[in-house]
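One chain follows as C-alpha cells, the form predicted alone.
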Amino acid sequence: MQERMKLPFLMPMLIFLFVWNILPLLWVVGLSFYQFSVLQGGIPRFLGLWNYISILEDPYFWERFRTTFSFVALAVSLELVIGFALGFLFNQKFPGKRIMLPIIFAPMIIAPVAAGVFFRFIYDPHWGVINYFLTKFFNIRLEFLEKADLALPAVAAVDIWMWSPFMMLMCLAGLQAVPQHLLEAAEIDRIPWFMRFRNIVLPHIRPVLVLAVLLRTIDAFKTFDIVFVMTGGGPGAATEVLPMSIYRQAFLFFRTGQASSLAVIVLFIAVAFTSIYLMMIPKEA
C-alpha cells in the first residue's frame, strides 16, 4: 500500500529523467548504427557496427585517445597531489584559515570558458604576464599555445588550477572523518608519522580519494570548453581531445552517425572507470 502511495509522487521526476536523459541517450545510441548527416538530411542508412569498426580501425581515433589519456593522466594526477597537500594543510589550525578557504575555492566558481579566455591572455607570447616576467628576468619567450609540446600541458594547467580545490575539498572531508582518538593513541605510542598515515589515515580517506579521482577522471574525459576556447584543438592536433573530435565530426563535417558512435565510445570509457571504482572499494561503497 505504501509503495503505491509513493508512485504518484515519483512519476513526474521519473518522466522528466526519461525525457531529459534516457530518451536522448537512446537516440544517440540508435543513430550511431546509421549513416546520417544533419546537413544533408534524408533517410538514415543502416550500417550496423560499421561506424564503430571504422573508428576503432582509424589511427586518427587512437591518436586522439592518446592525447585525451595524456591530458587526463596529467591533470588528475597533479590535482590529486596538490589537493591532497592542501587538504592536509587546511586540516590544521592556523591564522587566516577562514579567509584563505574562499580564495582557494574561487577557481571552481569560474566558468570554464571564462577561465580559458583568461589564461589565453596570460599565455600570450607578446603581452602575456608570464612571458613578461620570463623576458624580463630570463630573456626568453615561450609560445605556450603555439608549440605542440607546450600546448597540452598549458591547457592541463588551467584544468589543474580550476579543480585542485575540488580534490582538496574531498580530501579535507575524508580527513575530518578520521577518528581522532586513534591518532592520539598512535601519537602517545610514538608511532612514526608514516605508519600513522598508512595504517590509520589512508584506510579512512581511501574511499573518498578514489571517488574524487573517479569524478575528476570522468569530467576530464569530457573536457571541451577549455580546449575549444584556448587552442581549438591545435596547434595541428596537439590538443584535440575526444570531445573536440566529436564536435568536429558533428558540427564541422556533419557526420552525425560517426559523431554519435564516438560519443557512445566515450560513454563506455566513463562506464569503465565507474566499474573500476566499484571494484576498488566494494566494502566501503
Partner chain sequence: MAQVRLENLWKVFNGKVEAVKGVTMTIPDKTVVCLLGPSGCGKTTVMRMIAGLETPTRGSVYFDDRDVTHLKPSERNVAMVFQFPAVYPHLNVLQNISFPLIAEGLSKAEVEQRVQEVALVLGLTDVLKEMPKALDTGSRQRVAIGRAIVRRPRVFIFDEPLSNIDPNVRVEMKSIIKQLSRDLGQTFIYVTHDQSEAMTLADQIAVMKDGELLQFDSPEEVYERPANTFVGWFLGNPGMNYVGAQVRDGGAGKIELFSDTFSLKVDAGKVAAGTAALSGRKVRIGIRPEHIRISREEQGGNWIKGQCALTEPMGAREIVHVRINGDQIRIKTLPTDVIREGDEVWVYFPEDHIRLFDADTGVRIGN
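Since this is a predicted model, take the numbers as computed values, not measurements. Rigid core: the largest C-alpha set superposing within 1.5 Å between the two forms. Positions refer to the first chain, counted from 1.
The protein also exists as the form predicted together with its partner chain; that form is not presented, and the subsequent description refers to it.
- Not displayed here, its partner chain is kept clear of Asp149 by more than 4.5 Å at the level of heavy atoms in the predicted complex.
- Contact annotation for Asn139: none of its heavy atoms lies within 4.5 Å of its partner chain in the predicted complex.
- At a distance threshold of 4.5 angstroms between non-hydrogen atoms, Ala73 is out of contact with its partner chain in the predicted complex.
- By the criterion of a heavy atom within 4.5 Å, Val81 is excluded from the residues contacting its partner chain in the predicted complex.
- Residues Leu47, Leu49 and Ile55 are none of them found to lie within 4.5 Å of its partner chain in the predicted complex, as judged by heavy atom distances.
- Along 186-208, these residues reach a heavy atom to within 4.5 Å of its partner chain in the predicted complex: Ala186, Glu187, Ile188, Asp189, Arg190, Ile191, Pro192, Met195, Asn199, Ile200, Pro203, His204.
- The Cα position of His181 differs by 2 Å or more between the shown form and the other one after fitting on the rigid core.
- Val117 is not among the residues whose C-alpha shifts by 2 Å or more between the shown form and the other one once the rigid core is aligned; its shift stays under 2 Å.
- For Ile200, a C-alpha deviation of 2 angstroms or more is recorded between the shown form and the other one after rigid-core alignment.
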